[in-house]
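So here's one chain in two forms, each on its own in structure tokens, numbered structure 1 and structure 2.
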Structure 1
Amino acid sequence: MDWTEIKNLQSVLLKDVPLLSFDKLREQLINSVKSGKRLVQFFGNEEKNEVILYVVLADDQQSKLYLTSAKFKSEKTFDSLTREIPSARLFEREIYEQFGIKPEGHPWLKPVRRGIAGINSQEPQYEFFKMGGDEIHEVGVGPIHAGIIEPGHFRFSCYGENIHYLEIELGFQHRGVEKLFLQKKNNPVYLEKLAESICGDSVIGHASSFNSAIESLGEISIPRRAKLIRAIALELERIAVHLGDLSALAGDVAYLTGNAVFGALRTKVINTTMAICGNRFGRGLLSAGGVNYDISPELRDNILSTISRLDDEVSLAAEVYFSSASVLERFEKTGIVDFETALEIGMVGPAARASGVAIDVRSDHPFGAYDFFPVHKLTLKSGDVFARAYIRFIEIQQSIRIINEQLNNLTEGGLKKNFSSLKPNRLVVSMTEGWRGEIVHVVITGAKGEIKKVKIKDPSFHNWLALAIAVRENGISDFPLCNKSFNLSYCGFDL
């Protein structure tokens, strides 16, 4: 068997990970993706004088993951996979950027993250894609944008008011997160907090992914009550961001009622998270081994009544919002990503589901409390701004139901399990469905159980290209709308 079969959060001994020649790996990878498996992770890890490339594939129907690797010692090139598997394009660029191993035949080998210390920083200044033609004009936006938002650069090639092509340059936010995980590997408290700061709007998502990986490597199973509290916090995070995005989308089309109403509802949700752990974004709630804060019976009743009111309030607000002509006129048929494209470029999360791609880690590769509370996958078809907005609304309703169910089954029990050390020479793939989509942390331990590698993939990694595709042949004035309908993370991408 050339691939090790694992499950989400099932750790595997490094010596059990097959080591193939790259050509063999390449051939099998292409066949697997053709037969419907999905490329989840493809990254390098430097050990002594060699680089090992790891590949993680997902079979979403069977809830299985497949793992294999290839070794690079002196050879500095491999045959690019991107033409056969478009979703490999960024992974390959990242491998080139970090280790100098060149994917030969890659259609566009530009830096993943702008000018960071790596191979590409020695290359001449990167030139943006240029369109020919007298009538083409370019619009450059960023790194600093108009609102209070993270930095990144957008380069539009326009014909009149229409966008022909958008190139997105990221990397401005690069803080060296993956390196910091190794630099401070002996301070577990620090690592927990760092995981919470990978991306400030997905605190619970990333913390849950990282801590679950650590627990799997420590071979402990956390108390049921802790699993439930984690899932409740994750769903609260999902509701809060979705409400915030519905509010901001309303703002972008000058629909002030929606802007105000959804904004105020979001405040109630993040204040609920604050009532649990003291922070509006759930910082400090999760810890390796469980959770730091309990939900008391009074608080439980409070949350139950808050979300039951919220259910009615959101329904009425959405009814008005999605029947307003001025909203629909701007949302419908704007920024379309069709099903085939979404599948091909490896989109994840609600944005993918809005284009009809039925993937959701909570039901495909269940983790934590979702093992015993299955989640039904919600999809829409049209792939436009409307679909990406409407899916927020139905996911909010779904999350309310999930929280309700979980709070009503919040059995007594401990909050946290202690453990001493991580098992040596292991690798674990930890996937979580954050509000933005699939968050993947791969953690590898060394001979003494020390952390040797933390590889992080935020859902934005795949979805930025979807935004660039969505805006093509749309008016440039619709860009903010398209952008907000994805609401992608800059720092989650830049790390």
Structure 2
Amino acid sequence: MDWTEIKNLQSVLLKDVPLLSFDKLREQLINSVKSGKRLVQFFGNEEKNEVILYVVLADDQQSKLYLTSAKFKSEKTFDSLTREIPSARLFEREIYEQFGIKPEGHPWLKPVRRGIAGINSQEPQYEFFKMGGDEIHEVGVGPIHAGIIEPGHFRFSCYGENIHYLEIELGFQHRGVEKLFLQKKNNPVYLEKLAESICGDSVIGHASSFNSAIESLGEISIPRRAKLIRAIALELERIAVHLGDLSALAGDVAYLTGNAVFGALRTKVINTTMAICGNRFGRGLLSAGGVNYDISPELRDNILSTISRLDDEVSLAAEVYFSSASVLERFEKTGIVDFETALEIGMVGPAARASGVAIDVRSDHPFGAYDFFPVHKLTLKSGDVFARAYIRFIEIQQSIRIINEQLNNLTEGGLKKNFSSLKPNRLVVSMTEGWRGEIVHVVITGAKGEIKKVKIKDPSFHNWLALAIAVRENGISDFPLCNKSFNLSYCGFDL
């Protein structure tokens, strides 16, 4: 293949990225995915009067990434990949939306994010899927929701109480995050704060991915102690949100004891993160070059004591939770996404693992402290609400073990390394396993080492379609339960 082979966080000179005709790229990409590789990124970057389309593939079994590109000058179309590679569907729609290069033959070319200034700024009315028949009715929910939920529109096509089809319209709060990285590209504090703000419930995940990319481009290796503190914070974030989700799922099925207990346990975890850095969500902890806060011996002992009690309390609560007949009645065989579908549409994270897809960046493409110890991929097979709930419980247990082991092996050393500049004309792919799944930041530098492009992919980019598939042939009253079992991000999608 005409591809450059790299590893996670291995930067490469732009001149070493192959430049193919799109027809050749398309043929090789289809063959690669059919042979077991996975589409990780597919995006455009405008350079002078040309658009370069970059493609990143993953060979998860071999811990390898493959990178190639194609150049578009005056061409305004290319043959869509989506029918052969369904996981390309949103990537192609995004390329069309941003650069006006149309994927001919795309099964349904719709907006990805509303209100983007650019080629399609004169935005037509969004066209929803329509079903015929006198007994079919539609139910619209959103985009404005109760409480503090972010905007998104759900359009159900139903026969009675049964959902035949759900379409999800997002993009109402496009913030231009990727362009904001270019506005103050020489201000490291601004960049770090912006990375933390991509998705508010994944502060450590996104900050870790961006700062790791910058460190790779600066050719520095941060201190081992800093890597361990980052990993501990990432696992605390995973535990906290998983506990919050178990609490919310309990509330959705009126199991109020579980709702209260798991919610209270979540508070203990986010307060532990606050004890490390002064913020319950981990803001301010990470910076390019390492971390800003240490874990003292006294704090270490307190965290060990907290997670030891947490392990017992979570296990007891989960034992009661997952043996409750009323909970199982609602969870089991509800909102199923089977293995083949999950694989085909490119699902990631716990939702994918609950459908039997064994992918986890910590294991497949290790980063930071995960280079030092193995993380076993945990999977279930049923792909229903029960599996997506139970996978959270066993991942909480795994994260507690990781934190315990790393706190007991917290090496002495510095917290941060300073560096002055990024290497010019380079590209790096930075992958992190956030609590929702695979977070990917691609960063490209220019001739003076300045940041020229930041391309972000939150796990929700892949998994919103999985939610739409999960609710088919379920009762409409099961939608809140299915929705919470994924707990996807609006802002992580609406970049």
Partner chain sequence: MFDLLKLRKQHGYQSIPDIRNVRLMETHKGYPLIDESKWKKEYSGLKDVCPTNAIEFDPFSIDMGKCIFCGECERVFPGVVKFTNEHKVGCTTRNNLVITGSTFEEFRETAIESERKIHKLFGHSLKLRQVSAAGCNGCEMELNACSNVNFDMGRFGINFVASPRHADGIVISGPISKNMAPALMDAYNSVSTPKIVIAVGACAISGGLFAESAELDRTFFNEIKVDLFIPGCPPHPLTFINALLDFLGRK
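Each form is matched to the other, and the largest set of C-alpha atoms that superpose within 1.5 Å is called the rigid core. Sequence positions of structure 1, starting at 1, serve as the residue numbers. Computed from a predicted structure; not experimentally measured.
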*Kindly point out the structure, among the two, that is the form predicted in complex with its partner chain.*
1
_When the rigid core is used for the superposition, does A325 move between structures 1 and 2 (threshold: C-alpha shift of 2 Å or more)?_
no
*Under a superposition restricted to the rigid core, does P297 display a Cα displacement of 2 angstroms or more between structures 1 and 2?*
no
*Determine whether the C-alpha of G133 shifts by 2 Å or more between structures 1 and 2 once the rigid core is superposed.*
no
_Could you state, for a rigid core superposition, the Cα shift of I148 between structures 1 and 2 in Å?_
2.9
